[in-house]
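The chain that follows stands alone, in the form predicted alone, written as structure tokens.
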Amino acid sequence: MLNDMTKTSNTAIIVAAGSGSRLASEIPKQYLKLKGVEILAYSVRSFLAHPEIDEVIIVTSANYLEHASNQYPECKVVVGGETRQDSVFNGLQACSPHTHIVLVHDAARPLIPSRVIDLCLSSLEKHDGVAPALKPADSMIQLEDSGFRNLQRDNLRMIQTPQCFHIGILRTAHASGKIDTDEMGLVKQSNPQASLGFIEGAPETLKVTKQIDLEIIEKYLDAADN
């Protein structure tokens, strides 16, 4: 964690304010447990353990503010907003004044290989923003009124997190009044000239949305233990 407050720092913002309604759970999915450990804890540990991450901010709902503050004392914990974009904005407001790089990550993606964080940070030497992405393995189509058309999957990517930026460009994007579902889209909308790149993502960094996702991630954890 950051000791010399005169140096620039890298901050991870973990967005954990969602309700997890698609999983049909009374407990938000980021607070469910996998192998006895909260889903949120896996990404928190990954960022805290990484030598180039100086600060971790958790953005959560008001109902879980006390819980997260007690459970993760090494992190800053702030309340999220009505939308994911609002929550990221609140996280940005809480960043250290020395923050130079910010990594925005979905709490519902518990597994982050260290190499993904490494690549994100190194790629920012030549880009304004970067995100991990995977090529789809299946054939892809686009539904249309007249039926469907095939898409060239070599030109398609599934975008993951953490999405990483020089903090100034992300703050400017949030101040632009544009709305998007993720940070890469928001920056692209607000600044079409921004240099945005992609690195190779990781299959295990899948997002928990359904029960089957929990089972798949547990298999990855079992494999890592053996």
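Note that residue numbering follows the sequence shown and begins at 1. Computed from a predicted structure; not experimentally measured.
Although it is not shown, the form predicted in complex with ligand C5P is what the next lines describe.
Here the chain stands by itself, but in the predicted bound form one stretch of 69 to 77, 151 to 159, 129 to 137, 100 to 108, 100 to 108, has heavy atoms within 4.5 Å of ligand C5P. At a distance threshold of 4.5 angstroms between non-hydrogen atoms, residue 125 is out of contact with ligand C5P in the predicted bound form. Within this chain, residue 217 is remote from the site of ligand C5P in the predicted bound form, having no heavy atom within 4.5 Å. Taking the partner from elsewhere, residue 17 is found to have a heavy atom lying within 4.5 Å of ligand C5P in the predicted bound form. Under a 4.5 angstroms non-hydrogen atom cutoff, ligand C5P in the predicted bound form has residue 82 among its neighbouring residues.
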